[in-house]
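A lone chain, given as structure tokens: the form predicted on its own.
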Amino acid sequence: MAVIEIENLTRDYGRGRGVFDLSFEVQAGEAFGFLGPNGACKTTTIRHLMGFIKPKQGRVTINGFDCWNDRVKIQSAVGYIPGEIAFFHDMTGAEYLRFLAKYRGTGNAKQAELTERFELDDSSPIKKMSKGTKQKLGIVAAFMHNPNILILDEPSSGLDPLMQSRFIEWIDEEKKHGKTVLMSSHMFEEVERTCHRIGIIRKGRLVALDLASSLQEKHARTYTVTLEDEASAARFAADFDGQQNGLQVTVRPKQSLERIFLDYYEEVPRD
């Protein structure tokens, strides 16, 4: 069952900028990685999902609700981390979280757990917080009402490596609870570790949509290495899961998500 549906979404800003005839779905319980360079209109797509922008053409729904007409209901129910989080900077973190819980009317069942896990000091005024602390506040704000649908735009931007790892662990736990996740990120490892299906957008158009494993297989390269003797070739084949033929070993290493992305975006010649 599709939870998130985008059908023929088009919004043309002129000069080749915008999204064009964009269609994809995210199924219930699926973690979907949405990749593209700056300017590819990933955030524009996500803002349509959150009901911040009205589609010019096409249809955008979450759980069957129109993302524009039912935007208040969607914004209250979805866990959303924007690429640039807007805060009330005169509030403390705790005041902001209390305000958000009251605004949503959905409670804050996970607030204490998340605050502890991400080591958030919510007593400080937001205007005095570092970028990393503001990002942690945004994460707590997005997840504290225990939403079933997570829409994440560069969710770990500004976090240190320890907190990035904790964030990935948290997403893995949410997946095990059946949450539906759409994640846009420039951190390929983050997407690779959490998402099993990938969409790649280039200049506002979808250029790839497949399982991560299928994309890795499709873009894998084959290399043949010649060793000086058969014993060395045998060891090399064993170490790199290769196929030995005398002095030669053929290997097909797993392709990284970053390399796949560059193949689509830069149109790097295949070896």
Partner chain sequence: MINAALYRRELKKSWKTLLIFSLISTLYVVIIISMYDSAMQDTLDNFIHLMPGLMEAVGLRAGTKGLLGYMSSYLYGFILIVFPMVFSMMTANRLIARYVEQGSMASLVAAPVKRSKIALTQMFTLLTGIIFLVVYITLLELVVAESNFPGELDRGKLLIMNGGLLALHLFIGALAFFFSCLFSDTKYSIAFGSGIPAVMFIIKMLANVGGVAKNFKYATFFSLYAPDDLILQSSSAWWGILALALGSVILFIAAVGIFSRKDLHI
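Numbering follows the first chain given and starts at 1. What you are looking at is a predicted structure, and each value in this text was computed from that prediction instead of being measured.
A second form of this protein, the form predicted together with its partner chain, is not displayed here; the remarks below concern that form.
| query | Is Gly204 a contact residue for its partner chain in the predicted bound form, using a 4.5 Å heavy atom cut-off? | reply | Taking the distances in the predicted bound form, the answer for Gly204 is no, it never comes within 4.5 Å of its partner chain.
| message | Can you tell me whether Arg59 touches its partner chain? I mean in the predicted bound form, with a 4.5 angstroms heavy atom cut-off. | response | Taking the distances in the predicted bound form, the answer for Arg59 is no, it never comes within 4.5 Å of its partner chain.
| said: Quick check on Asp121: any heavy atom within 4.5 Å of its partner chain in the predicted bound form? | reply: So Asp121 does not count as contacting its partner chain.
| query | Can Arg71 be called a contact residue for its partner chain in the predicted bound form at 4.5 Å between heavy atoms? | reply | Yes - in the predicted bound form, heavy atoms of Arg71 and its partner chain come within 4.5 Å of each other.
| Contact residue in the predicted bound form, chosen from Gly242, Gly51, Gly33, Gly36 - any heavy atom within 4.5 Å of its partner chain | Exactly one residue meets the criterion: Gly51.
| said: If the cut-off is 4.5 angstroms on heavy atoms, which of these, His89, His196, His177, Lys131, is the one near its partner chain in the predicted bound form? | reply: Of the candidates His89, His196, His177, Lys131, His89 is the one lying within 4.5 Å of its partner chain in the predicted bound form.
| said: in the predicted bound form, does every one of Phe188, Thr226 and Phe236 come within 4.5 Å of its partner chain, counting any heavy atom? | reply: No, the candidate spot makes no contact with its partner chain.
| Region of this chain that lies against its partner chain in the predicted bound form, out of 112 to 120, 132 to 140, 95 to 103, 168 to 176 [heavy atom, 4.5 Å] | Stretch with heavy atoms near the partner: 95 to 103.
| field | Heavy atom contacts to its partner chain in the predicted bound form at 4.5 Å, residues of 10 to 32 in sequence order | value | Those in contact are Arg11, Tyr13.
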